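The chain that follows stands alone, in the form predicted on its own, written as structure tokens.
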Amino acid sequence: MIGNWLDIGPVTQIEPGTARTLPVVGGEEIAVFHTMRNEFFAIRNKCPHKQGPLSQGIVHGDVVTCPLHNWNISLRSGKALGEDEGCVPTIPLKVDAGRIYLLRSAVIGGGDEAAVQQATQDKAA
């Protein structure tokens, strides 16, 4: 762990265009995506529609399609796209020296919401 960030492993553990899941004791499973553009995103592994496992969906660009009912979810914002409505919580993620880090307070809950917002702003900068 580096400060408020949890080291979840090397970037090489997730092939481009796929996702892996991270179980969270006492919390909801997280899906970590590696896009074909070599970007990484983390979201809760439940579609807002019927709680389908987003980690098993098809990744295209920065979107994942739910395997149950074809809802498209933005990996950047967590929002359902098109006419669908709903949102999946996103988890701030950073890559450093070939390793993937998730914001600790966003993963284990009970964290400082301001820290999550700051980390998201820092990543966007």
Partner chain sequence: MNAPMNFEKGSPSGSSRERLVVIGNGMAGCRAVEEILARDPGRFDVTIFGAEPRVNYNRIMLSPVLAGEKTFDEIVINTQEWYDDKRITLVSGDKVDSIDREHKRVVAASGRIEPYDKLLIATGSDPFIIPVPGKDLDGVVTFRDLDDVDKMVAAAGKGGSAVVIGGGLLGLEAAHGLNLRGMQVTVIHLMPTLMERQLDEAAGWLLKTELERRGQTILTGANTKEIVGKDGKVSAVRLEDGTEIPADIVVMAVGIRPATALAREAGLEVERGIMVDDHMVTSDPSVLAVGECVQHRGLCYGLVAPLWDMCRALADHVTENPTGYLGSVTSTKLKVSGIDLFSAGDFSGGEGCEDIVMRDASRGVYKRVIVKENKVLGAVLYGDTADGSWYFDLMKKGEDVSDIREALIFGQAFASGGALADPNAAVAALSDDAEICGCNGVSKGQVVSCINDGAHSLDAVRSTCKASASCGSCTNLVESLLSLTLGGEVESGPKTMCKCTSFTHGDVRKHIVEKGLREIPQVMQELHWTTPDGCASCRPALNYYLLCAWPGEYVDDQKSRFVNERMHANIQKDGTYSVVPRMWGGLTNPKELRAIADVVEKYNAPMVKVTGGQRLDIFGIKKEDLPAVWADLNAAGMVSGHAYGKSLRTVKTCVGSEWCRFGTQDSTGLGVQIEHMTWGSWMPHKFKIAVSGCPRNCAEATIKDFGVVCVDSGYELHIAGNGGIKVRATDLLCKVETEQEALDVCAAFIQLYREEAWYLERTAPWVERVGLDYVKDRLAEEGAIEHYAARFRYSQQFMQDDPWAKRAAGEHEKLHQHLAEVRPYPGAKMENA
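Residue numbers count along the first chain shown, from 1. The shown structure was predicted, so the numbers you read here are calculated from the model rather than taken from an experiment.
The same protein has a further form, the form predicted in complex with the partner chain, not shown here; the description that follows concerns it.
- Within this chain, residue 49 is remote from the site of the partner chain in the predicted bound form, having no heavy atom within 4.5 Å.
- The closest heavy atom approach of residue 96 to the partner chain in the predicted bound form falls within 4.5 Å.
- At a distance threshold of 4.5 angstroms between non-hydrogen atoms, residue 43 is out of contact with the partner chain in the predicted bound form.
- Although the partner is absent here, residue 74 sits close enough that one of its heavy atoms falls within 4.5 Å of the partner chain in the predicted bound form.
- Residues 20, 21, 22, 23, 24, 25, 29, 32, 34, 36, 37, 38, 39 of 19 to 46 are found to place at least one heavy atom within 4.5 Å of the partner chain in the predicted bound form.
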